[in-house]
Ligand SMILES: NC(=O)c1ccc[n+]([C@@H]2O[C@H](COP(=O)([O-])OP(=O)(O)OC[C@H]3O[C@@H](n4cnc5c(N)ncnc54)[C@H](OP(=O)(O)O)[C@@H]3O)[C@@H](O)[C@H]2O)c1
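The chain below stands alone and is given as structure tokens, in the form predicted on its own.
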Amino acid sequence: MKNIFTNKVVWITGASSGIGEALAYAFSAAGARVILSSRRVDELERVRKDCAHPEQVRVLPLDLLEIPSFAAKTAEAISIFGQIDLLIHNGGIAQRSLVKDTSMEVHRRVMEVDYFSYVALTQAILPHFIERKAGHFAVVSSVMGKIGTPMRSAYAAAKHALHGFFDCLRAEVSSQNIRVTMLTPGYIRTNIAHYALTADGSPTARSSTEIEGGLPADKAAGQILRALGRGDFEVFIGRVGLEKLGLLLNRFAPGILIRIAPKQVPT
């Protein structure tokens, strides 16, 4: 990995915890220069200090709900090391509530953070990639971006939208040496469930059995680096289990998946 990512400039959103934090450590250890973004500056500084090469890591605060700030933030990110080679779209929020109970405000907030912010940040940095005739978007989607199960309607809708948008983007820019990799994690051991929105927009404030039994974030980061090094178009991240089975059923036997999906309620 060091030969692939040494001196590459990697910008990671949602870098203060979970997969984003694990990726910060992995890329720093691989010799990359890293820019960390999220809202929580104190947590970003903690992550920076814990990186293998903190002198090659910078903190750039970014709120994914503040889309009008993206042009200036992108210019600032580029100025830090003079270029961006890889943008990892990772920041986001989950949701756990039934369709019949979920407020429109929750649907809009999840879509704003998990989809529209990705679109806006992509548009902000795309001219830089086009000018350099080089660049790579890595998009942290989810198995929920390919299938649907109970109590995840807003989250699944946003993740499904990401696949459509970035598949179109790939078709438009691949001839300009700009790559897109869709990452579809299954259950990863992070705090995502703890902060997932309920029907009224309040957080669940608890984890889940599935998340607690998921792949550790550092192992997920290792899988992601290998996938990006290979230049994969799309890859499952996680343990080979029910989530991977769901993806296979969705592709080859969707009727079976439709029958078993109602039983997949978060615990």
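Keep in mind that this is a model prediction, so the values were computed, not measured. When you see a residue number, it is the position in the sequence shown, counting from 1.
The form predicted together with this ligand exists for this protein as well; it is not shown, and the discussion that follows is about that form.
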property	result
Selected contact from 141, 181, 74, 97, since only one has a non-hydrogen atom within 4.5 angstroms of this ligand in the model of the complex	141
Heavy atom within 4.5 Å of this ligand in the model of the complex - the one residue of 51, 221, 59, 64 that qualifies	64
This ligand in the model of the complex: contacting segment from 98-106, 166-174, 133-141, 74-82, heavy atom within 4.5 Å	133-141
Contact of residue 39 with this ligand in the model of the complex (heavy atom, 4.5 Å)	yes
Contact flag, residue 190 vs this ligand in the model of the complex, heavy atom cut 4.5 Å	yes
Proximity of residue 93 to this ligand in the model of the complex, heavy atoms at 4.5 Å	yes
Contact of residue 195 with this ligand in the model of the complex (heavy atom, 4.5 Å)	yes
Residues in 4-19 with any heavy atom within 4.5 Å of this ligand in the model of the complex	14, 15, 16, 17, 18, 19
